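In structure tokens, one chain follows: the form predicted alone.
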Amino acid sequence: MPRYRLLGPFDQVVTMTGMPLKGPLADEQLPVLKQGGVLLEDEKIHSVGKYADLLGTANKVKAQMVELERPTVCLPGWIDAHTHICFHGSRAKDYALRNAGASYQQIAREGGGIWDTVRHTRQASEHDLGEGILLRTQALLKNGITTVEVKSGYGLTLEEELKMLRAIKAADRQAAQDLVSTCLAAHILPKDYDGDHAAYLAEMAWELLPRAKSEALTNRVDAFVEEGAFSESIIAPYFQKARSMGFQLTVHADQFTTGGTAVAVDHHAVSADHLEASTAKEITLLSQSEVIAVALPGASIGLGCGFAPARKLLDAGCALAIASDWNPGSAPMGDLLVQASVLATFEKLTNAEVLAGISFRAAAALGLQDRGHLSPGALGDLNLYATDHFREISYHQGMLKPYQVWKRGEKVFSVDE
């Protein structure tokens, strides 16, 4: 027998339904239901509407009544579509060096950066990596993140990348959230690899990707297309092989130099992430494609560089998602809503654009349609905020946290418990 629960009444239910995937959004476009309710059926949403109108259905199906005793706004669970939370070690030294004037590239050349995390991650066991992921997902849960993308990319050998992907899969079985795994073996050329970029990628394409597919470790492949990582021409055969195997593609694009956006568009990637260096040319390419632009303000804050041109991307008609890029080097904060609020201030984003960027537009960046909105048949992923108006959430710049988080129809976090 299905299990039903009726939540409400809410001062506001912000459903995020019926809104366009691409282009700018005004706050007046937000679908806000006053004195609303959400009827859950097992792990999905049965119906959303006026609380008084849902009572009849709730009584018929003998729903459990979850009545609220404080002013509350209900929104979808947030989605962090780009993280690197599978890692071991700290890069506090890198952070100090950057603040003292050293560049990201200079630190990498001197043995810091990504390679420093690779060394530490290789020394960690699969169990240790999984425990680290779970600790970080617990922090994300308190911020209302109910779906988390997690990348490999700090192993950079066949067995070490498999170790990371297996750790992510194991953590997904234990975490309150859904974890979406991505293979980022094309992060950098490992310093201890006896060969060039093309040989390394060929090895990953013909040895790692079939293993990842056969073990059902991931259906997504990412690459860092950047000077010092992988060029547009070098990455092409790797992406062609991955796509032929049915992997969804995404690209670390235009972080320091351009070129990655063109790769994302040419290879029909689901998203192009970073975009801090994107120019009018890249913005036009994205606007004329189905690729989701993903801004990562955490990296801009961590590196002290400019933000992705979010306002220009939206005004050009792009779909803009916002993600944390939580990683041990350039984006160690990991608080998505704080970062999105800061991005909104500097890029002049509306509340609607911010909320869309971490809900249904973020879901699109992961190729998911069953979350990021509150509608019948969608997952029962809910954030409950102790306020009477959604504007308070961005106004407090991420410091107003949800007092309850629901995942797949179950309450998985409450400040009162």
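The first residue of the shown sequence is 1; numbering continues from there. Please read all numbers here as calculations on a predicted model, not as lab measurements.
Keep in mind the form predicted in complex with ligand NIG is missing from the figure; the text below concerns it.
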Can we say 84, 104 and 114 each have a non-hydrogen atom within 4.5 Å of ligand NIG in the predicted complex? yes
Can you tell me if residue 130 lies within 4.5 angstroms of ligand NIG in the predicted complex, counting non-hydrogen atoms only? no
Tell me, yes or no, whether residue 325 is in contact with ligand NIG in the predicted complex, where a contact means a heavy atom of each within 4.5 Å. yes
Should residue 95 be classed as touching ligand NIG in the predicted complex when contacts are defined as heavy atoms within 4.5 Å? no
Under a 4.5 Å heavy atom criterion, is residue 255 part of the interface with ligand NIG in the predicted complex? yes
Partner-contacting position among 77, 329, 155, 309 - heavy atom within 4.5 Å of ligand NIG in the predicted complex: 329
Counting only non-hydrogen atoms, the one stretch of 119-127, 261-269, 84-92, 140-148 within 4.5 angstroms of ligand NIG in the predicted complex is 84-92
Ligand NIG in the predicted complex - contacting residues of 214-236, heavy atom within 4.5 Å: 224
